[in-house]
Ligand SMILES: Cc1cc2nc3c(=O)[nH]c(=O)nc-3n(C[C@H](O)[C@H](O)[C@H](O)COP(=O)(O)OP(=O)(O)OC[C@H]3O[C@@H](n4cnc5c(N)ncnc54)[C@H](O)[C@@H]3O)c2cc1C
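Only one chain is shown below, in structure tokens, and it's the form predicted on its own.
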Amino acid sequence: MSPFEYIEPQTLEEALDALARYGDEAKLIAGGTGLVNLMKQRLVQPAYLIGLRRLAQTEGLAEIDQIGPPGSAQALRLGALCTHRALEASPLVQTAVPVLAETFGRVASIRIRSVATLGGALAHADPNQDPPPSLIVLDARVCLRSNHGQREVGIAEFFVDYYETVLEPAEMLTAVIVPPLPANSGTSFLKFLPQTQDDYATVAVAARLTLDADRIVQVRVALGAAGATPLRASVVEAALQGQQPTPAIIRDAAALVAEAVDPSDDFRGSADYKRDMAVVFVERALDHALGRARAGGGQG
């Protein structure tokens, strides 16, 4: 690992000042589960590491809050320094968006989940991670902050390539906003994991269906480990929109995902095998989400 200078700001403003000062020479570090591995392999060699540990207490960046008008369905604001374990175990997340608690509970091991942070994982932009597909089907947005202000970006637009996002060098991801689930919605996250339980998926699928009189009025499908970035399967969504869901309609729509994914050959399977498994798991995730929607909606 190449030598670097470690900086530990006391406030968010100090962290943003350091980012603005050092630009591409600096990297933010929180849990460090992704960045440290890249540094050990000399794939990333920052001259400055900006530690965010103290900001969890001073800036509330590890908090989970409800936001929105009282008395109405409220969104969740997830601080960027929330650990995966905190999100998995949060009663607020389990109640409002249980599929998200389920997803974070499937990531790696409890040791990794206890230190890996939400913001760090998203900024790392590894397309094999589990949370992005679930956040995509929930229409989540990321909050990006710099000395010049704040902007929000849809999570599906946040990822642009392997390990690349729309984050500018002086920007920091500070929170994720998760809108409330529409009424009569069912969600699902499935992870095909033929290796060890703490491995990345061969393919991971998240789905959300919203029904009105047993007709699909809104649908989201997203995949991980299926391309250079987490993918939203728009072609599958278009085939289901407005349909009355039957097994045949779901099966035919799921088959369309084969042309939307672009997986790579690796020890978890060939690209052709992963493409076949994408079709199988999209169909299963849609069936699972449909069952939950019909069972009462709002289920994880």
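Note that residue numbering follows the sequence shown and begins at 1. Please read all numbers here as calculations on a predicted model, not as lab measurements.
Although not depicted, the form predicted together with the named molecule is the subject of the following passage.
Here the chain stands alone, but in the predicted bound form its contact with the named molecule, taken as any heavy atom within 4.5 Å, falls in 78-86 among 78-86, 146-154, 178-186, 206-214. Residue M172 is the only one of A101, A96, M172, L190 with a heavy atom lying within 4.5 Å of the named molecule in the predicted bound form. Screening L240, I29, I64, A260 for any heavy atom within 4.5 Å of the named molecule in the predicted bound form leaves a single hit, I29.
Contact annotation for G34: at least one heavy atom lies within 4.5 Å of the named molecule in the predicted bound form. Contact between G227 and the named molecule in the predicted bound form is not found at the 4.5 Å heavy atom cutoff.
With a 4.5 Å cutoff on heavy atoms, R141 does not count as touching the named molecule in the predicted bound form; it lies far away. Taking the partner from the other structure, the named molecule in the predicted bound form has a heavy atom within 4.5 Å of a heavy atom of L52.
For the partner-free chain shown, I112, V115, A116, T117, G119, G120, A121, A123, H124 of 111-126 come within 4.5 angstroms of the named molecule in the predicted bound form, judged by any non-hydrogen atom.
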